[in-house]
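One chain follows as structure tokens, the form predicted alone.
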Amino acid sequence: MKLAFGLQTYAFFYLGFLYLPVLFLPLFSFNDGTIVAFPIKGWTLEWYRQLGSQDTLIQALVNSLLVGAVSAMLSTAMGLFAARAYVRYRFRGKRISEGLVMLPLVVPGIIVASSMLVLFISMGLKPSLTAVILGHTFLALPFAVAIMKSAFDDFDVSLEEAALDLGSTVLETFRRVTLPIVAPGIVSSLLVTFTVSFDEFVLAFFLSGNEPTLPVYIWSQIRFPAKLPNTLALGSLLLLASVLLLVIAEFFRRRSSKSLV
């Protein structure tokens, strides 16, 4: 009993230490002053209003949306087939292959980013949004595989076998039987990988060149005190969007798990 209480207390303080600074972000975004400190001078929505008039910010937002959408689709498509192979079949080098797919989760981002920059330049691909998309797809692939594996874990293989026995082709079975069942997992993977790409900074910083994504733009702004209130307002909106996407992704992930039970 004492151990359980101690663990709950530890978890409470740990989460508070981790997320309490984040909660100050939206609080100071409504501050009427440009100095981020207590006491708050006043309350205003001016910093949010100014966001729409900044062309550079809007272009960075468009770049991030484009990179995130394409990276999410590519990583989810590859993760779908990889997860199906890992769950359904046994083959030589399976564990090694899974380990290599999950490698981006443990390799420091600065190492991955610098290596990709050298590789792309040696291939003739200059820093651009295309390079960022390739890098983010590599980074998001482990998340897609993990989510899709959970969607395939309890998949009833007999459903596909029944469809094949009734005369459906492999492609028809995959399209009409497999995809509808794992669709919630696909949606969850798309949302999570999009969020991973949208929030990623290190790879984008190395690979974006003169086409910055939103995190790179934010980093360039926080060096100027006068730009800080706008950055806080933008960060608050991004925080809200990220939380909403992750909540929706978790909803679809749980729906996928329940549908397969």
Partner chain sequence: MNLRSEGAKGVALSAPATVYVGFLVAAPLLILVAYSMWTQTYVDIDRTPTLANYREAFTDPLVRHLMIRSILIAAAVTVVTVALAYPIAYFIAIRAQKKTLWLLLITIPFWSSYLLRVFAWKLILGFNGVLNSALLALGLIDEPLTFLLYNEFAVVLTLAHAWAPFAILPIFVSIQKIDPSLLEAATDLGSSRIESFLRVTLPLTLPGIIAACLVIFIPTVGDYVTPSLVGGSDGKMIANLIQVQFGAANNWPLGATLSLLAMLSVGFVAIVFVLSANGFGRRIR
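Residue numbers count along the first chain shown, from 1. Model, not experiment: these values are computed from the prediction. For the two forms, the rigid core is made up of the largest set of C-alpha atoms that agree within 1.5 Å on superposition.
From this point on, the text means the form predicted together with its partner chain, which you will not see here.
- Annotated contacts: 84, 232 and 239 all touch its partner chain in the model of the complex [non-hydrogen atom within 4.5 angstroms].
- Using a 4.5 angstroms limit between non-hydrogen atoms, residue 215 touches its partner chain in the model of the complex.
- Residue 150 falls outside the set of residues with a heavy atom inside 4.5 Å of its partner chain in the model of the complex.
- The shortest heavy atom separation between residue 57 and its partner chain in the model of the complex exceeds 4.5 Å.
- Although the partner is absent here, residue 173 lies well away from its partner chain in the model of the complex, with no heavy atom inside 4.5 Å.
- Listed residues 190, 141, 177, 182 were compared with its partner chain in the model of the complex; 141 is the one with a heavy atom within 4.5 Å.
- Contact annotation for 186-209: residues with any non-hydrogen atom within 4.5 angstroms of its partner chain in the model of the complex are 192, 195, 196, 199, 201, 202, 205, 206, listed in sequence order.
- If you fit the rigid core between this form and the one not shown, you'll see the Cα of residue 22 move by less than 2 angstroms.
- With the core held fixed between this form and the one not shown, residue 240 has its Cα displaced by under 2 Å.
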